[in-house]
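Presented as structure tokens, the chain that follows is alone, the form predicted on its own.
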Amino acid sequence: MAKVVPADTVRLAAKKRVPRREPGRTLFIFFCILPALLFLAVFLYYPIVETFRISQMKTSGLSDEVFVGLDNYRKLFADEEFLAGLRHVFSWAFWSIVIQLPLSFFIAFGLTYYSNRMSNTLRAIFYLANILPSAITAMLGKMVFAPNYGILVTIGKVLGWKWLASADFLGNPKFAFWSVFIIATWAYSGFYIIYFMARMEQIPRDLREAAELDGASALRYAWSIVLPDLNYAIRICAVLCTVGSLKLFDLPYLMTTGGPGYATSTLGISLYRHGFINWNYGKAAAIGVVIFILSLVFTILQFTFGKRKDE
């Protein structure tokens, strides 16, 4: 008959087997992460807190600060430029998700599914636009859409298409937004293509072979196997599209300076004008707070709804 061991004896033995934490170990770990904590505190958390504080002040950055509470926010929502920028960043985020992500997915799928010797070369070509400085990207964009000497206008003159030869894509409010967006799609899609390709290459080869044995077409394989597997990657890219749209500044400013009128204005351009041209730091900081809150809200929403869908 087996000997019964008292429960107290078992618990005492279990406690003895648990390794004791060495003296000073916690202090050592704290000092290891201290540089990172200091870096984040100085360059991330303090600027965020300071931006919230300045957004409640009336100041030029050099003058004395006068507390105005939420008055800067109230004035923002009566500011035509800010409201135009707010509409444009929402529109930009929507069309980025609807156009850029599907386009990047199908290009990445094509380069992965029909892999050959040219795949790596094409991958580099697509990513090249992403590593170009924004100034060069904007200059190339203006060469395409500029009136009189732009590539599209020149093509219109050669082909005898008067509507194209006389078009002013960057000076017409109806076309300016889409002209900048097309260049941005070319410039930014390279990152998403590489990101999707990296994830697609991790899908087991056996799944593709099984799908082919079942007679699945490339489109069916993409819809039933690749797309569900890329669910999290697509969610990450959607967050990047949204946050990037809210912070958008360089490309629209370099191509059109936000014009004509406010046709291509963004929150970033509005912040720049209020802060560095009009010297209204309080209002500029309020725009920064709006960008921060919107980015945080959209990120939480996208991951929350994405998680529920996964469950």
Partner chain sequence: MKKFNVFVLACLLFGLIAAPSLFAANVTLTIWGRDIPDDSADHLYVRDLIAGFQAKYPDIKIDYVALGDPGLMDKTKITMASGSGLPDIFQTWGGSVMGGYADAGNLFDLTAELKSVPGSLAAQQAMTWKGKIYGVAPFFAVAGIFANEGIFKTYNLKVPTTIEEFDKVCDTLLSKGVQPFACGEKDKWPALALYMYLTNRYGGDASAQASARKLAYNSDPFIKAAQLYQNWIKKGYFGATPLGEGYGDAQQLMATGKAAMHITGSWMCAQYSNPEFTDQTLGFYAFPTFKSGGVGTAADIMGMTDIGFAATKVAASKKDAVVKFMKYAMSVEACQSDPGRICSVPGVKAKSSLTAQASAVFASAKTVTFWWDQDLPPSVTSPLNDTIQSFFLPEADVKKALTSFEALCIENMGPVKK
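None of the values given here were measured: they were computed from a predicted structure. Positions refer to the first chain, counted from 1.
Although not depicted, the form predicted together with its partner chain is the subject of the following passage.
- Message: Taking its partner chain as it sits in the model of the complex, is G244 in contact with it (heavy atom to heavy atom, 4.5 Å or less)?
- Response: Contact with its partner chain, no.
- Item | Interface membership of L152, its partner chain in the model of the complex, 4.5 Å heavy atom rule | No, L152 is distant from the partner.
- Task: Classify A167 as contacting or not contacting its partner chain in the model of the complex by the rule of any non-hydrogen atom within 4.5 angstroms, answering yes or no.
- Result: Yes, contact at 4.5 Å.
- Item | F276, heavy atom within 4.5 angstroms of its partner chain in the model of the complex | Residue-level check for F276: yes, a contact with its partner chain.
- Does the trio L62, K142 and Y272 actually contact its partner chain in the model of the complex, every residue with a heavy atom within 4.5 Å? Checked in the model of the complex: all three residues contact its partner chain.
- Want to guess which of 230-238, 88-96, 118-126, 170-178 is within 4.5 Å of its partner chain in the model of the complex, heavy atoms only? Among the listed stretches, the partner-contacting one is 170-178.
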